[in-house]
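In the block that follows, a single chain appears as structure tokens, in the form predicted on its own.
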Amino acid sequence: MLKDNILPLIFLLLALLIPLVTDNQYYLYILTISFVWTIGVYGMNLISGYTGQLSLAHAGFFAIGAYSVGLLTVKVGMSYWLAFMLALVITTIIGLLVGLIALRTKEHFFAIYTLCVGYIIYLIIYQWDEFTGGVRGLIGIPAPGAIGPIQFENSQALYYLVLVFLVGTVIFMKWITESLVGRTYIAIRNSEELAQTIGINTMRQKLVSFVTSTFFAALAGVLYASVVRFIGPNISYTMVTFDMLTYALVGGFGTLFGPVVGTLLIVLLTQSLQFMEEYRMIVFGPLLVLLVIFYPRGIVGGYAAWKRKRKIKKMNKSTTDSHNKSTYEGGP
């Protein structure tokens, strides 16, 4: 058990120690934003990686969560944590309404429908100037309110707050994907018709998966607004959805730790190539193509496949050695 989880535990230990060994505000900010995006990618991974429904509206749900907490705190004057909870509820209800219609379509029709939904959300935020601030965006979003003696005004506290939500997200995803519900999602992904023949209510399961994924997109959006304190319509643009897809693809769709690996790797690599400005895509693009060609299941999926092959090879070798030994002992 401990051996299987040694890498995640090392990652967690490093994540806990980083703010203690560096006070570089830029590094902490980049890591905090990476954790935020990772939570959103986990939502997309649940519906697209495990359930097999390619949703292209998740930047929209991310933005609804961010704007909900921003509008409720800045314009309504609501306390932060009450606005936090309401933002998640609002986004999840919208996700439910969208899912009830979207999931009546299948395959590429579902992807096109959700792409249109995401673009409509972007247009509403961009054009509804009086309500959302339009292209000017929304400023003055407060930091998370204090929880007892714990304040969240500095970057270290925000870092640990987002890390707590990320760890909670990973634990929840591990629980749900290893449960009967998660196996149901995988059955739907592999063959929806076959899943129906064994008695699975595929529409209900897909809807639960979709709504849960919008909840985590909203959670990421709320945390993003709380860390950056300024949001604009660009966070709902469809390119953001494709960025999230890339994070999941590189890390490994349908794997538990793919979103963490993919998001951290790409965000940190992109930041490292900032000095090349727009030319960084010349380096980044081919690397991404090679990765997709040689690791179609992503880094985590490729590593899992390598471990499985190694285990089978060891078992075969053990069986062969045992057979040779018994033949030798039973020989003349």
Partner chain sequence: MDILLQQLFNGLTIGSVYSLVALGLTLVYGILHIPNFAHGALYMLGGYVTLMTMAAFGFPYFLAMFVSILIVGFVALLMERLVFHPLRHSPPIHDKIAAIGVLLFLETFVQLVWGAEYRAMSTPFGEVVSFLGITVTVQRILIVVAAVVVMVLLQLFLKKTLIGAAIVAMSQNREGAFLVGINANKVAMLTFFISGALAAIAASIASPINLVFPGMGHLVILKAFVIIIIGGMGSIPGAIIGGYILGFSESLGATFISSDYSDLIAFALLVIILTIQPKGLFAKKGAA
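Numbering follows the first chain given and starts at 1. Bear in mind that the values here come from a model prediction, so they are computed numbers and not experimental data.
What comes next is about the form predicted in complex with the partner chain, which is not displayed.
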query	finding
Contact segment among 68-76, 175-183, 202-210, 117-125, judged by heavy atoms lying within 4.5 Å of the partner chain in the predicted complex	117-125
Residue (of I64, I266, L56, L31) lying close to the partner chain in the predicted complex, criterion heavy atoms within 4.5 Å	L56
Among the candidates F215, Y160, Y113, Y80, the residue which, in the predicted complex, approaches the partner chain to within 4.5 Å (heavy atoms)	Y113
All of F109, L288 and V292 within 4.5 Å of the partner chain in the predicted complex, heavy atom check	yes
G298 within 4.5 Å of the partner chain in the predicted complex, heavy atoms	no
The partner chain contact in the predicted complex: I188, any heavy atom under 4.5 Å	no
Contact of V164 with the partner chain in the predicted complex (heavy atom, 4.5 Å)	no
T197: touches the partner chain in the predicted complex, heavy atom cutoff 4.5 angstroms	no
Residues of 157-186 having any heavy atom within 4.5 Å of the partner chain in the predicted complex, listed in sequence order	none
Inter-Cα distance between V289 and K106 in the predicted complex, nearer or further [3 Å or more]	closer
Outcome for the Cα pair L288, Y27 in the predicted complex, compared with this form (closer or farther; change of 3 Å or more)	farther
